[in-house]
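Just the one chain here, the form predicted on its own, laid out as structure tokens.
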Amino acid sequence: MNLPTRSANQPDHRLQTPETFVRAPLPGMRNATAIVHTSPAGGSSFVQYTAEFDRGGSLAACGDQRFVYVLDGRISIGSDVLEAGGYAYLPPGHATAICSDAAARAAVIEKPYQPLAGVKTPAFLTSVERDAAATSLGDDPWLEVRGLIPDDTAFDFRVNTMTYQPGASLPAVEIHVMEHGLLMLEGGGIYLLGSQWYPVHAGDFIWMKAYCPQWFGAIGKQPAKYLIYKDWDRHP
């Protein structure tokens, strides 16, 4: 029996759509569960998952560095309270648990830290997306980028949000050394991954291996927006 799905899993990319999500708690989770989107088992050098919290939910501390972006609800990291659009960077070995006093969802990225000679490990930080400076990609005012990780070589990755006005697109097909994890937050469009074209919508996840041909164009009457990870500032 063939069940309908937009999901696809190829050697250089993965589209994971909500009808194929599987939820399971990770070690150290309490009153919470995870949708693991990508991991070394699936070919990526990092782990990305959506954490879904119930009341009193928590994630245990992580030995690797961790980036957390709140999708819905509210979470606490020590004395810092983050609501939707808030985010945090936790350096490797940061001991503070991530908790929620009510239902909430957060995108979580975990990655072993790659030290750089003569550069200190980044410190813990929190902020909100609206406070990140908005710039235009390639001087296109219909394509807005907000960098959520400081432009500092202490960090070995970056996370951005990218917002496309209806009809906006990347200026060219990209093929590059960076690996990506991408979570669609709003709207939808068409993604070229490898040699395949995929319709994508809010809630979808995409993993792109280094050198995977890629292009996106927004379709519909509302802006399309996604959260995107890339490895950065380290020799390949």
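Because the structure is predicted, anything quoted here is derived from the model rather than measured. Heads up: residue numbers just count along the shown sequence, starting at 1.
What comes next is about the form predicted in complex with a small molecule, which does not appear here.
Engineer: Would you please decide whether Met162 lies within 4.5 angstroms of the small molecule in the predicted bound form, comparing each non-hydrogen atom pair?
Structural biologist: Met162 belongs to the contact set for the small molecule.
Engineer: Are any of the heavy atoms in His176 no more than 4.5 Å from a heavy atom of the small molecule in the predicted bound form?
Structural biologist: Yes.
Engineer: At 4.5 Å between heavy atoms, is Tyr49 in contact with the small molecule in the predicted bound form?
Structural biologist: Contact check for Tyr49: no, nothing within 4.5 Å of the small molecule in the predicted bound form.
Engineer: Does Ile219 reach the small molecule in the predicted bound form, with heavy atoms at most 4.5 Å apart?
Structural biologist: Outside the cut-off, so no.
Engineer: So, Ile77, Arg105 and Thr126: all three within 4.5 Å of the small molecule in the predicted bound form by heavy atoms, or not?
Structural biologist: No, none of the three is in contact.
Engineer: Look at the stretches 166-174, 197-205, 57-65, 38-46 and give the one with heavy atoms within 4.5 Å of the small molecule in the predicted bound form.
Structural biologist: After filtering at 4.5 Å, what remains is 166-174.
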